[in-house]
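Read the single chain below, which is given as structure tokens and is the form predicted alone.
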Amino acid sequence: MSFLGKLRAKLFKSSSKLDDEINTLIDKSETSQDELNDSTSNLNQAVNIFKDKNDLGEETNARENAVVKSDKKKHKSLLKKIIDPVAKLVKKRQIDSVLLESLEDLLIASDLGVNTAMKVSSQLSEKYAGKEIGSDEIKQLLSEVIEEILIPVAKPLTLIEESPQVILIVGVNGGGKTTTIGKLADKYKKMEKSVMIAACDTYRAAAVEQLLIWGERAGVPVVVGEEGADPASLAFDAYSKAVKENIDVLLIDTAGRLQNKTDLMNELGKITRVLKKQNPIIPHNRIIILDATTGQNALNQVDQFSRVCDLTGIIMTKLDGTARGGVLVAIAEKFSLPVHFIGVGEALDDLQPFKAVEFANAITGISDKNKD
């Protein structure tokens, strides 16, 4: 399965999917299930009749063919009479203040942000004023608005010529930092780059053990210290070792910390300051790992971590188990930070470069758009 297919299959798999809720907004018909079943039954019957008559068209006798053509014409008319009522069951609603307000509430509840919700509402009102529209039109316009917001921030995590390139990974507890570092190490190793990992989460033995497993799997050395050792000192030693061994990429793991814990945030600032004493332009990349399930709290995380280590990019994980990944749109609009990767699972290939079009289509539940 392609990554886009996997993204669509996994992204927002909960019962509160955005596309289903948009359908619900439009679905205000009083049509009963019995009426729908009757129409569907009649339609199936007509289709079967039409197929049977179509098979007769293979007869070679000219006179029989003429009869069949006439008969087919009658059944086409019958088919149309049955299809038309069924077609009317496709729900549409006129653009009015009630629909727009409901849609805004839905988009805000989906963590897309107030600005995004208002932009979609405004464009719908302008484009379809006084017209009846279905859910497909809403999804299409929503996808276009989201894509417009995300395209400027969809940027790859490029490797620079200077080595070692230092990538500092930060975020709260349980966001997926350690796993993401392992996947990045594997990616760069497959690109024939030399990679080193610094296990600066010295407070959690499980994190160190996990990195050691990833390092062994990818053939990447992992610099570790004593349990409870100073993370800044370990980062200092790891950089010195990376320089000495001509390493291309140094990935630095840090302890998960809540953005409101002043002492831990100060410790993160210390790591950055110590590294800059060795080289004023490092860490080259300061990337926050965001757990999609945190919803609007992710906005506060980006704000607080940016104050401490001046973030340069974002990787969002755990999009396979949530309907709240829409917060990435609100983050992009507010902070304009590059989004490098997204993760939709535990497998190595589930961490992929972020693509605005694919994400916009997946979040709205529409088919991929062919664009120039």
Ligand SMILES: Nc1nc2c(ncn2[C@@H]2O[C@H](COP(=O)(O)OP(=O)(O)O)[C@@H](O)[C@H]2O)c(=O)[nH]1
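Residue numbers here begin at 1 and follow the sequence given. Just so we're clear, the structure is a prediction, and the values are computed from it rather than from any experiment.
Quick note: we don't show the form predicted in complex with the ligand, though the next part is all about it.
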| item | value |
| --- | --- |
| Residue (of G174, P152, G269, P156) lying close to the ligand in the predicted bound form, criterion heavy atoms within 4.5 Å | G174 |
| Stretch in contact in the predicted bound form with the ligand, which is absent here, among 99-107, 140-148, 119-127, 177-185 (heavy atoms within 4.5 Å) | 177-185 |
| D320 within 4.5 Å of the ligand in the predicted bound form, heavy atoms | yes |
| D27 within 4.5 Å of the ligand in the predicted bound form, heavy atoms | no |
| Interface membership of E346, the ligand in the predicted bound form, 4.5 Å heavy atom rule | yes |
| Exercise: N285 in contact with the ligand in the predicted bound form, heavy atom 4.5 Å | no |
